[in-house]
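Heads up, the chain below is alone and in the form predicted on its own; it's given as structure tokens.
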Amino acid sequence: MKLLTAAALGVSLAAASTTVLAESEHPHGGSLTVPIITTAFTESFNPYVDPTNTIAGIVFEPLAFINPMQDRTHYRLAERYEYGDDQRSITYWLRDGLQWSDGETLDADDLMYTFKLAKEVAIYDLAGVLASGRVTNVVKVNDRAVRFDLARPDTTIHWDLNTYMPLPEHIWSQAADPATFTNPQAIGSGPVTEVAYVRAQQMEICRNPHYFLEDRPYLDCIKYRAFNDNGQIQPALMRDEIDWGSNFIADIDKTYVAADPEHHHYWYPANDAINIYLNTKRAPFNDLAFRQALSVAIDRDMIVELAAYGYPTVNDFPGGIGHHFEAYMDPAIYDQYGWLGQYDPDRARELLDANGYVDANGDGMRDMPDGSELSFDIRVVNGWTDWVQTVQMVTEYLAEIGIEAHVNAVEWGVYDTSLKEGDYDAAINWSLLSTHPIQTYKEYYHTSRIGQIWHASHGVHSAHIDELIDNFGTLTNDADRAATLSELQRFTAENMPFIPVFSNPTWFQYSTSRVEGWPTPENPYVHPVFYTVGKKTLIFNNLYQK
């Protein structure tokens, strides 16, 4: 492991032009403390195998990211990109003078290697641009420029390419198995790369001596602390042991804010949609009527109020997107299918009775149409208390219509794998909070995403939907784009592979006791999400010690 030294902290940072949001400069020093729900930290610094979101965006940077709150692109390792005249290619230019944290040059060869790896090893094809065939070839133009050839004219491919994080070829090429490589020396491109220590319950990573941004970050280090669940994080926030929380906190005004009203704050802008995903490859979820019955059996208002203290927003839109994308919701879909999001247990009973789900053995609970037992699990991450409570309430509503369902709380690693591989009955999960809803639908439905992402293994797919998604980038006017989105919303409502429950807020608690520079409702310079690469990096680079 590359341990932090005083000399490393004293190395001058590489100069490079950048987007600077803060008008004033601030002294270096101090650290940021962030809570992570995990059983233990390990010496793993591979951003493509980063289940706790501690590495991506911190030890590694993306090429760029789009900031909807400012309607602009923030270039990170890339200084610009440009489409070809026929929109059949896009070329990215890396910044001049980039270095990896060990001092080696970061150039187009690294970018070429990263996409070569993405073609060979599925986990590195982060947005599926190679698996889907949208990118047909990657060509080195010169030491700083790489061109991506596209299968068809596509004006949206940058939304996905921006998310990839170049990897150091000189490090990764030495790995016996890239799929399991841990990058133990933490050689990266992000603002902090020097590992001070890794213990089971705490990890600290400090300033990259070769970071490309001049005089950034202001803070020297970021400390991660391990917690079992939201319930453990709440008292740590109240005691001011944590600077940046991204967790559900019960009754936050009375607990966190009241503990120190001068310094304890939160801001909860709209976020992704939270759904109950149903594995339609298994009975009884292969029956649309059964899926519809489940949807109308749950009282979303009460779930939001009781399980999540009213912080989320009820999502009764059956078209697959939440209120973050409210402007894209087609009212015609709601008019026709809105009943699917309304609490109506009598209608649920009617649907079940009509389709043979009755109590065959007299035990008071419904059975399958063939008389066999009807019982299933709903998977959730252990320790995510608001979601665990949500699933508990769903099982109670289902019991009221005679359906036996169980809360199945598992550790993140089990949850992660099972949802990606489709090894579940039902599961609560989010949707992709993306630049545009077409990316969310791609994660739901495109066959290239099956096995790669949590949202795509429910079993409802079609070649036509793949084609719709693939063609979106060729559309040149708003009416055609809206028509495609409406068709995707209708497909979702008609097939219901997942049940919308609520639109999540962005859980963002922050303390100004030690650190300033946060995005706020008054200065919303970026969506305040810790777990999104690019946005997280921008926030960290703007934080400074008081």
Partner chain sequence: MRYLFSRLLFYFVAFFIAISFNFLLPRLMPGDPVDALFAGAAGRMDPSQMDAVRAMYGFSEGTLLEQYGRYVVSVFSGDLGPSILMYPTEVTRVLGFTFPWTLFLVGIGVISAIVLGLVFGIIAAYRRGGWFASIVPPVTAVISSMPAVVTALLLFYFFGLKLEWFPLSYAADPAMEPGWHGAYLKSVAYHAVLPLFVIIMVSLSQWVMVMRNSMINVLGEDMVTMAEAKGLSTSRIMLRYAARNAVLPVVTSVAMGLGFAVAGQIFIEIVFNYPGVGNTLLKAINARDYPLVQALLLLIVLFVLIGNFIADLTYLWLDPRLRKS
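Numbering follows the first chain given and starts at 1. Keep in mind the model is a prediction, meaning the values are calculated, not measured. Note that the rigid core is defined as the largest set of C-alphas that superpose within 1.5 Å between two forms.
One more form of this protein, predicted together with the partner chain, exists but is not displayed; see below.
Among heavy atoms of E305, none comes within 4.5 Å of the partner chain in the model of the complex. Residue contact with the partner chain in the model of the complex: D416 places a heavy atom within 4.5 Å of it. By the criterion of a heavy atom within 4.5 Å, I37 is counted among the residues contacting the partner chain in the model of the complex. At a distance threshold of 4.5 angstroms between non-hydrogen atoms, T42 is in contact with the partner chain in the model of the complex. Though the partner chain is absent from this view, in the model of the complex it lies within 4.5 Å of a heavy atom of just one residue from G362, P235, G310, G371, which is P235. Proximity to the partner chain in the model of the complex, taken as a non-hydrogen atom within 4.5 angstroms, holds for one residue of L98, I453, I249, L398, which is I453. Shown alone, this chain has one stretch from 407-415, 108-116, 209-217, 77-85 that lies within 4.5 Å of the partner chain in the model of the complex by heavy atoms: 407-415. Proximity to the partner chain in the model of the complex holds for all of D125, T180 and A200, with the criterion being a heavy atom within 4.5 Å. Contacts between 269-302 and the partner chain, taken as any heavy atom within 4.5 Å in the model of the complex, involve N271, D272. With the core held fixed, the Cα of W387 is displaced between this form and the one not shown by 2 Å or more. S431 shows a C-alpha shift of 2 Å or greater between this form and the one not shown [criterion: core-superposed Cα displacement of 2 Å].
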